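What follows is a single chain, given as structure tokens, in the form predicted on its own.
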Amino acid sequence: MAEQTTTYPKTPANTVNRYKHQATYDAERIHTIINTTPVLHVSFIPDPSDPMPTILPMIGQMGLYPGDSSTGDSAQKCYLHGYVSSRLMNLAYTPTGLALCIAATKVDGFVLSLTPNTHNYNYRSAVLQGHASIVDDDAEKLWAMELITNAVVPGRYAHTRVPPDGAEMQSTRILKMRISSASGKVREGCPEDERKDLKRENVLDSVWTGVVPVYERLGEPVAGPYNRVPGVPAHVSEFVSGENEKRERYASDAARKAAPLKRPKKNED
């Protein structure tokens, strides 16, 4: 029986070694980064005889299928949407599942400091590792299709022609990845320069430092060529305005925070 983890345990596969003070193993935060990133990058080995990895951009979401929770399995899985004949889907038909690594990154600001070496990004990133298998159960497949569709625009699934017909169900494949390890990394805050530069008055007087907030902005919805519905539906317009406000606020708030607190070096006071 798998239990919902609140913190992913550190392992050799997921432990962050550089900038450890920016690492997170909190499951909720890692899942949120995954779920708010429009495109996930999925890595796998297509052929054991050829070690060259492949990376695909895919749409995916973390979620807990009610059928799993009813059996006592409360661990969220990552669901990926794909096409029936894709190489990735064909490779996933294995008894143990296909080993995958999934990465997600969001850039929240350009951190401009005194020297090129200390420039940085405000960002949020997450990496998942695990094994994925094909979802064969139609009920779970429909649930995952709704989950992923609503990840694009909340409530969108119910505002479309549903359920999918037989041809659409046959052409669509859903991968379900069980997470074996995961980690995240988050940088928020203002610039952080070295002491030697902070003591150079001529540098402080001549170099502008600060943060340029970065966020994706959703544009005004544009009706399609055969659209007959007057106006923009509320579930679309409210999502656009609310999402833009949320993204701008996060990036601006992150830019105003103090630099990340890190452990002092042994030779520092």
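In this text, residue numbers run from 1 along the sequence as written. Predicted, not measured: the structure shown is a model, and the values here were computed from it.
Although it is not shown, the form predicted in complex with another copy of the chain is what the next lines describe.
Using a 4.5 angstroms heavy atom cutoff to another copy of the chain in the predicted complex, none of 20, 63 and 139 count as contacting. None of the heavy atoms of residue 195 is located within 4.5 Å of another copy of the chain in the predicted complex. Residue contact with another copy of the chain in the predicted complex: residue 29 places no heavy atom within 4.5 Å of it. Residue 88 falls outside the set of residues with a heavy atom inside 4.5 Å of another copy of the chain in the predicted complex. Although the partner is absent from this view, residue 113 contacts another copy of the chain in the predicted complex, with a non-hydrogen atom inside 4.5 angstroms. Counting a residue when any of its non-hydrogen atoms is within 4.5 Å of another copy of the chain in the predicted complex, the hits in 140-161 run 145, 149, 152, 153, 156, 157, 159, 160, 161. Here's the thing about residue 84 and residue 53: their CA atoms end up at least 3 Å closer in the predicted complex than they are in this form. If you compare C-alpha positions, residue 164 and residue 84 are 3 angstroms or more farther apart in the predicted complex than in the form on display.
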